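Okay, so here's just one chain, in structure tokens, the form predicted alone.
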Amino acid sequence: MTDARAAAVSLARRLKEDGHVALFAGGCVRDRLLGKDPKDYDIATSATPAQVRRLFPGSNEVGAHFGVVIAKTKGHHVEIATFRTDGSYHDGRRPATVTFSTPEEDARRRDFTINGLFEDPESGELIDHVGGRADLAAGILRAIGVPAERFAEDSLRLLRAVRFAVTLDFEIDPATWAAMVEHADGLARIAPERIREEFSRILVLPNRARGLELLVASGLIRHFLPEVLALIGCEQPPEWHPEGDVFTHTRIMLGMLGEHAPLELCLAVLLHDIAKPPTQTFDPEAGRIRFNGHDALGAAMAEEILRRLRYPNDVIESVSFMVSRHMQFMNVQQMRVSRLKRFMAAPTFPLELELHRVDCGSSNGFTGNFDYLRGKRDEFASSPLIPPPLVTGRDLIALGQSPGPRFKDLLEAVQTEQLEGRLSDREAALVWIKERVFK
């Protein structure tokens, strides 16, 4: 028994000793049946919040309206919720009222059958009021009761359906899928922050490409990232992109990323060609399709999209920067050493290199620039890409220079000589500057 489970069992035992029903509920039951080690444990109980707080002094009531208390024991935090029935929903987010009820009624107000299971903490007996065990065995994601009602209650369940289907590699029950498609516009009632959290969780899953496909096929994505739909059918030069349109290219790239690809990289891959549709032109003389400036416009579009979804500033800056530079990889073998080192010194460069790998791997298969950069990374590894400066602004002031454009240009010029290996010490750098200041 894991420490987390043992801690939760001890809390459930205390509730039962006080005369209450106490069962493990939701994800921890589902995961155990799937052979996974649950990350945390939730307890559903007949005890009221007041009774839970009395039994566990120091616990926190985090959802008084919903009867949720967080109890702490042996370094673990366990959510204890009173069995309840939800009243009507008015905002597509939360019930206006709740009534404390029974395990059967509590199970039926949950989202999907696989999340409506209970387990006796001590005996391990499974309690299934909604058919969740059969759906787990069959690999089916099914809404409890009438799917349309479940999605009307909380429209974020539309995105949760996609996440669970992708996470577990389950098929979505046809009636549940039909309700998702019919009620996709319910996302309009959900705050951008809540959409962002679910979307991010889908995007970092190993099978994120299937997640994108489900978001598009269901119509959900048009309510928070409609720009992606324009990628479908946006043709590309077949000699460079034999895989097909921009959407196909992007989907393949997402599938090529590693299992633990960070969110910033996943977003950059998704958005790297987001400006191809508005920049697409046909060059009759060359007989080819062009997307001039799609990198610069794409960076601006990525920033606007991510701000709309309320992503943190550091994520927005990193993603838009990567999008802005993704076309520069084609020129790395022609870059001077100084420019190449500056290019590789960007904090996002390791992620950009991976973006470039899947960009080429999903299309023309060219690995020359990727291999070149990996070689240069090894070659430059013995010292910092950008070493400490040989001279500073104080040195320029001592030589009679005033801060301004020329001031900055001189410092950058000295750094270029340093990066190129033509200057290696302070004395030589000062001589080099004097020759240009007093010539």
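Numbering starts at 1 and follows the sequence shown. This structure is a prediction, so every number in the text was calculated from the model and none was measured.
What comes next is about the form predicted together with a small molecule, which does not appear here.
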*in the predicted bound form, which of the listed residues (His183, Arg163, Arg196, Arg210) lies with a heavy atom within 4.5 Å of the small molecule?*
Arg163
*Glu354, Asp111, Glu303, Glu264: which sits within 4.5 Å of the small molecule in the predicted bound form by any heavy atom?*
Asp111
*the small molecule isn't shown here, but in the predicted bound form, which of 310-318, 149-157, 122-130, 239-247 has heavy atoms within 4.5 Å of it?*
149-157
*Considering only heavy atoms, tell me if Arg201 and the small molecule come within 4.5 Å of each other in the predicted bound form.*
yes
*Indicate whether Lys39 is a 4.5 Å heavy atom neighbour of the small molecule in the predicted bound form.*
yes
*Does Arg30 reach the small molecule in the predicted bound form if we count a contact as any heavy atom within 4.5 Å?*
yes
*Taking heavy atoms and a 4.5 Å cut-off, does Ser338 contact the small molecule in the predicted bound form?*
no
